[in-house]
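Shown below, as structure tokens, is a lone chain in the form predicted on its own; questions about how it binds or moves come after it.
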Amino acid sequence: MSKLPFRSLSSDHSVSSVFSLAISDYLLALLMVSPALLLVIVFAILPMLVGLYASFFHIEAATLKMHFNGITNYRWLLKKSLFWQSLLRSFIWVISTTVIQFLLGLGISLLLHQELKGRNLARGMVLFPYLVPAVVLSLTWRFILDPTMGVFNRMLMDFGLIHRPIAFLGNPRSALIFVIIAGIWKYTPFVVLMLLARLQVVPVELEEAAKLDGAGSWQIFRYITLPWLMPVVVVTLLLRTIWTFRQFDIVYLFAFGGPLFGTTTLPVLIHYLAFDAQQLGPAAATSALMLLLLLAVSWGYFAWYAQAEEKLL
């Protein structure tokens, strides 16, 4: 009986020690993550909040004086046909590039997953377009498509497909098509990298068991490979959708939003409103609408990701 108080004190002491250790670990983790958290707050969260705040004000471009006008900027923006055309163009740009990047990336990643000669060299070379800076990419493509000195026009004329040079970037439709092609060329390697990394961890035992049961290549891909790929596929599509939707450099540097606003997507429209038209309030309102749209799209992707994870359980 005399040992009971000693045991109680020892137990209380051990609990307090564990509690103190947990607090110290928590503080250490908070300390380690604080630099990254500070950068996110300063360069992401604060600008976003400032933009949302500015969207409810009329801002004088010369003096930056702000006058509260409620939702006037949004009402003005939603009445403009240029906004709806830019939104439609953004959807065309995002959907076409994302879908084609995924299909090409899936095919290339499945090919590079096979036991082929020179596979390691091919894996390294396939990443080359992703490493090219957007400025270099845009200027190179502008030179290739140039009607006077461009290689593309010369090739078409040599093959007899055209009789005179064509200013492809001078036509709204063809300009947007070549912007899409350039985006596909640059960012398909990212999809290849993501899917190829996932293919490395697909259980070989499942594929071997399926082959013993008489399953063909298509059945193995459909019922084993694809379900294992789906969580990474959803994350990849989410990232590419967000990054492509807010892509500015490639789209702008190709034709600077022209011709006739033919390559003006929402990010390019924001630049036009803020710097050319000097409509800072509507530019901020456009950014806020983009944020809401991306949040809605992301919510759909998260729901899709949850379903993909459940199928693996």
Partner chain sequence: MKRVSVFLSVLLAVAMLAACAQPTPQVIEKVVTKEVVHQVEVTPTPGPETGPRTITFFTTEADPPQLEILSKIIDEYHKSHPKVFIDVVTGTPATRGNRIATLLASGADAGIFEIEPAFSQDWAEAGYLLPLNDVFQKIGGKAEYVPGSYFEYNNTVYALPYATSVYGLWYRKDLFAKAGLKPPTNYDEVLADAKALTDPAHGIYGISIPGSTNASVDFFSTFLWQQCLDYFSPQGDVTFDKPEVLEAIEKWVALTKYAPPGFENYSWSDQITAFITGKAAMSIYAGRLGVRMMDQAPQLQDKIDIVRLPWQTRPDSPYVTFGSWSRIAISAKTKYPNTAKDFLQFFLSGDRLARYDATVIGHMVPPTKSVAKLLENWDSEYARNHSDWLAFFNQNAAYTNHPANNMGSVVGCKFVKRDYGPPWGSAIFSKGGVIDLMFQQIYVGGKDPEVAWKDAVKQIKQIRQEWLAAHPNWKPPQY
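Residue numbers count along the first chain shown, from 1. All of these numbers come straight from a predicted model, not from anything done at the bench.
There is also a form predicted together with the partner chain; it is not shown, and the following applies to it.
Residue Arg142 is the only one of Arg142, His113, Arg123, Lys186 with a heavy atom lying within 4.5 Å of the partner chain in the predicted bound form. With the partner omitted here, the residue from Leu103, Ile162, Ala197, Ile242 that has a non-hydrogen atom within 4.5 angstroms of the partner chain in the predicted bound form is Ile242. Picking from 142 to 150, 105 to 113, 212 to 220, 188 to 196 the stretch near the partner chain in the predicted bound form, with a 4.5 Å limit on heavy atoms, gives 142 to 150.
The shortest heavy atom separation between Trp76 and the partner chain in the predicted bound form is within 4.5 Å. Contact annotation for Leu169: at least one heavy atom lies within 4.5 Å of the partner chain in the predicted bound form. Contact annotation: Leu229 falls outside 4.5 Å of the partner chain in the predicted bound form, judged by heavy atom distances. Of the heavy atoms in Leu238, some are within 4.5 Å of the partner chain in the predicted bound form. Counting a residue when any of its non-hydrogen atoms is within 4.5 Å of the partner chain in the predicted bound form, there are no hits in 101 to 116.
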